[in-house]
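Below you will find one chain, with nothing else, as structure tokens; this is the form predicted alone, and questions on how it binds or moves follow later.
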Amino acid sequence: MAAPDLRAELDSLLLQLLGDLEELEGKRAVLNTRVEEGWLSLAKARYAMGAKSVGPLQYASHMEPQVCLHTSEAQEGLQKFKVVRAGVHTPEEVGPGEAALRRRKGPAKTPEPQSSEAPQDPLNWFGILVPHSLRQAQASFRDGLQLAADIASLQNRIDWGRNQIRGLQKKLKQLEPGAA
């Protein structure tokens, strides 16, 4: 590859990296805002309901996650993170429960109680009529989770871009040993 082609590719990677860094800064600021809003709304809910009504003593004894983090391979081997609701199945998981043939007649199996597909809303741990500020806190923290996954994906893309730039700079130095 000629030096002008390497320089053009290096310039495009640098522009992409700078755009990604600007986007990362913006998303981090929004994440900080969402987390602050969440804690402030939680404090308002504690004030409205009483300090002992919103706390660890109201947590369920058996908790199930509301969301899961899925990773996938994107272009150039980059990992992309995605927040998915816990009850949602990916296309790979959908299919027959058993791979073997089933006997239509014979001893009937007792159905095993399965856990509910959609986890219970954690706001119900604090009562049926919860203050609006508690719902706002939940929404702020959910938005924060999505932003954290986006930031992690963006950080991976930035690291990949930096490595590509370093590699191109080394190739350029090998082609032009006299240039600084």
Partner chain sequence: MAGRGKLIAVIGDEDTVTGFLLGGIGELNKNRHPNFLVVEKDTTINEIEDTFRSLGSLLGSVVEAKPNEHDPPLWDEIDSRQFLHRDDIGIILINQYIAEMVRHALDAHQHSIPAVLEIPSKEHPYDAAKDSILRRARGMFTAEDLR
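In this text the structure is predicted, and so the values were computed from the model without any measurement. Positions refer to the first chain, counted from 1. We call the rigid core the largest set of C-alpha positions that still match within 1.5 Å between the two forms.
Omitted from view is the form predicted together with the partner chain, to which the following refers.
Q: Thinking of Ala8, Ser12 and Lys171 as one candidate spot, does the partner chain come within 4.5 Å of a heavy atom in every one of them in the predicted complex?
A: No: none of Ala8, Ser12 and Lys171 comes within 4.5 Å of the partner chain in the predicted complex.
Q: With the partner left out of view, is Tyr47 within 4.5 angstroms of the partner chain in the predicted complex by any non-hydrogen atom?
A: Because no heavy atom of Tyr47 falls inside 4.5 Å of the partner chain in the predicted complex, the answer is no.
Q: Evaluate Gly127 for contact with the partner chain in the predicted complex, applying a 4.5 angstroms cut-off between non-hydrogen atoms, and reply yes or no.
A: Close contact is absent here: in the predicted complex, Gly127 is far from the partner chain, nothing within 4.5 Å, heavy atoms only.
Q: Any of the heavy atoms of Val30 lying within 4.5 Å of the partner chain in the predicted complex?
A: Taking the distances in the predicted complex, the answer for Val30 is no, it never comes within 4.5 Å of the partner chain.
Q: Answer yes if any heavy atom of His62 is within 4.5 Å of a heavy atom of the partner chain in the predicted complex; otherwise answer no.
A: Because a heavy atom of His62 falls inside 4.5 Å of the partner chain in the predicted complex, the answer is yes.
Q: Using a 4.5 Å cut-off on heavy atoms, what residues in 14-46 are near the partner chain in the predicted complex?
A: Residues within 4.5 Å: Leu14, Leu17, Leu21, Leu24, Arg28, Leu31, Asn32, Val35, Trp39, Leu42, Arg46.
Q: Taking the rigid core as reference, does the Cα of Gly26 move 2 Å or more between this form and the one not shown?
A: For Gly26, whose C-alpha is compared between this form and the one not shown after core superposition, the shift is less than 2 Å.
Q: Superposed on the rigid core, does the Cα of Met49 end up 2 angstroms or more away between this form and the one not shown?
A: Result for Met49: yes, a 2 Å-plus shift.
Q: Using the core for the fit, does the CA position of Pro131 change by 2 Å or more between this form and the one not shown?
A: Shift at Pro131: 2 Å or more after core fit.
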